[in-house]
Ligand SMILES: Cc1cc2nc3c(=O)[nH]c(=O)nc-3n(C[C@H](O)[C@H](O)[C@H](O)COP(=O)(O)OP(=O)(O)OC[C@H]3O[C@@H](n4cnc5c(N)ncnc54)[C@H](O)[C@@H]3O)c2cc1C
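A single chain, nothing else alongside it, follows as structure tokens in the form predicted on its own.
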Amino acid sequence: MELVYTPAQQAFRAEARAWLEANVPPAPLGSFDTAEGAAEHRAWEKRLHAGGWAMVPWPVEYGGRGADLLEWLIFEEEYYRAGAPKRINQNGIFLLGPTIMEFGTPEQKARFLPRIASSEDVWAQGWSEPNAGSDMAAIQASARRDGDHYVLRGQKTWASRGAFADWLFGMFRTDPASERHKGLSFLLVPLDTPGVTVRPIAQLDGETGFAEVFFDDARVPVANRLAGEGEGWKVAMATAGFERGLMLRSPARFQSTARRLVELCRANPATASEALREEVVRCWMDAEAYTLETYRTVSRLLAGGKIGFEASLNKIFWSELDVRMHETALRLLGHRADLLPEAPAAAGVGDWLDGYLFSLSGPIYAGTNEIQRNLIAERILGLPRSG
């Protein structure tokens, strides 16, 4: 591939930059883990959609812009450069949307995708269960077929965005005699269905970014199933590939953090030892390396390729880089690192502490890094399973 932007791509970048400069809110929105912040973020998503920037690589008929993945990368670079808000509907636009594109029927695409693009429907992720954290093959929540409906029983936990979402996607066991990854189906569940109870989970900061979801004979139409009955594992692995490999964590996010880290180092010469300066440079180089690797992956996809188990390599790389960049920032801040942004002496501290706390979840969500290392060992390196 040739790393030179075409005139059309340069024009696309200029258009995106101009729109973002004119429309990005001047002050940060509230946390989307609160009711008030969630409402502000929904309003921002609708503004993005009205401007034609909600999900640039999706087809126009589904609420997108019809751009290709290279243009999506360019848009993401401009989005983070402009300091635009985080995406409250990232589960829908980055994970479920591509999954519906691949496995949905024409009716499902027409029904769900436009409402995801416009954030009329905000989606929660329903993977984990109390006894099936990152081991999705251990899922026990059941879906019993009853005519044109499934009857759901069981529980999901740590449902991302669950507290303020409208829908949940996840796997349910439709064959009670099945084990592990067999007999599972991928279902789309409205969270206002009778028999569904959402219980927010308070985080360390008291906000509710996650939820427990209980299913007590909740009835969901069979039309809400993606792919065939019992094919849920195949669908979920595609969703997980999008999550680990490309869409959820664009390289622009880490380039932005790396640029802020360089600025922080320059602003704190008293604590910036030679070792810390070298670590800042290493973080910046790694963020650039992840960007180049993503451009290579996108070029391969545009040529007809697929994302395979190399998504596990990406997930380990970006999640550990995120932790390392925030750890370096806290060391540069020294004794002021523990100050919250609203503290009287917190000038220049920024949101590094919040970012560090969130980065710690990176090696856990989207499948723990231990699981990813097992996948790499078995599926890429061909090593035998441990006894």
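In case it trips you up, residue 1 is the first one in the sequence shown, and so on. All values derive from a computational prediction rather than experimental measurement.
Omitted here: the form predicted in complex with the named molecule. The next part is about that form.
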Looking at heavy atoms inside 4.5 Å, which stretch does the named molecule contact in the predicted bound form, given the options 194-202, 154-162, 228-236, 302-310?
154-162
Considering only heavy atoms, tell me if Phe12 and the named molecule come within 4.5 Å of each other in the predicted bound form.
no
Could you tell me if Thr208 has a non-hydrogen atom within 4.5 Å of the named molecule in the predicted bound form?
no
Any non-hydrogen atom of Ser361 within 4.5 angstroms of the named molecule in the predicted bound form
yes
Do Trp127 and the named molecule share at least one heavy atom pair within 4.5 Å in the predicted bound form?
yes
